[in-house]
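Listed next as structure tokens is one chain, alone, in the form predicted on its own.
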């Protein structure tokens, strides 16, 4: 049996381990904390599988490959909600909605009554919206826990302290891999979790704003995840300014958020390369899988598949970079 080692148990590492198990490999995963948690950047993700919306600023491969993500997560037994994404803008920012519509595909223009039919709690608040119908979302923490449990059931060994690596090694450490990938940088993202049981939203809602764009992702039991800032920094401290901006934008989306319970504030540094696209780098028996930027749950399945194809089929993946070290 082929043996492989995965370093890192965030979304990239767990997806790689899943693809390796599917190939019949005996897999060992090294991670300092054996359970998914706040030390993983992916713990703080929004969980939006939104390739078309990301296409407003992202490169074409993100849109194309991201369309595979929802099916992959469903095949792993993760709960995926496929109700699309709603995009709105305040009246003073109507041009933002027009600009966004020109830059993305796969959307339907809604008037106020059609929006109210989709999301009754937004009734009367916006006279226009976009519905990006083919998008989905998941609970990232539940997804990480599910993969971790399933992999352990399938015989994967999880170890906190690195030991001798057998066979190929897949380095999926994210921002911590700067020692091996010096052009990797951190892009800080901050998030807030609110509990607002009086608000009902059934799909992610993006509120466009020229300075403070917001997305709101519904989770279970009346909880909502608010994001996301994007700051060129690897500083993980939580800033008052960012929280104020997120909460102000949420209040503008719906005033009932002003009565919500503030449950959690989080921040982490997303790993990104200069072009904001991921990379797969092979150096001898080590394959680096990194640079998922803000597209962790969206691109990790495709990147994991490419990394295993490089290892076992000797095919050069789309995001392959030659060894410079």
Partner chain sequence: MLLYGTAIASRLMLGTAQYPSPAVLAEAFRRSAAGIATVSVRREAGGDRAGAAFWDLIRDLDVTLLPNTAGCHSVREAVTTAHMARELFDTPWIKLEVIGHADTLQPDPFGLVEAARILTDEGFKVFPYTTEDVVLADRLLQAGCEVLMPWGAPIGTGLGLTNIYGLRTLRAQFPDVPMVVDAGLGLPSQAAMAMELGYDAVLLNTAVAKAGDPATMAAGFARAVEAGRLAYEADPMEPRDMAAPSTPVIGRAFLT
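Numbering follows the first chain given and starts at 1. Since the model is a prediction, treat every value here as computed from it, not as a measurement.
Although it is not shown, the form predicted in complex with its partner chain is what the next lines describe.
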Checklist entry - Any of the heavy atoms of residue 233 lying within 4.5 Å of its partner chain in the predicted complex? => result yes
Checklist entry - So in the predicted complex, does any heavy atom of residue 275 sit within 4.5 Å of its partner chain? => result yes
Next on the checklist: Taking any heavy atom pair closer than or equal to 4.5 Å as contact, tell me whether residue 153 reaches its partner chain in the predicted complex.
Outcome noted: no
Item to check | Contact flag, residue 261 vs its partner chain in the predicted complex, heavy atom cut 4.5 Å | outcome: no
Item to check | Option touching its partner chain, based on a heavy atom within 4.5 Å in the predicted complex, out of 200, 92, 75, 238 | outcome: 92
Checklist entry - Looking at 229, 81, 248, 169, which has any heavy atom no more than 4.5 Å from its partner chain in the predicted complex? => result 229
Checklist outcome for this item: Given 110-118, 128-136, 67-75, 178-186, the stretch touching its partner chain in the predicted complex at heavy atoms within 4.5 Å is 178-186
Checklist entry - Taking heavy atoms and a 4.5 Å limit, what residues of 103-122 are near its partner chain in the predicted complex? => result 103
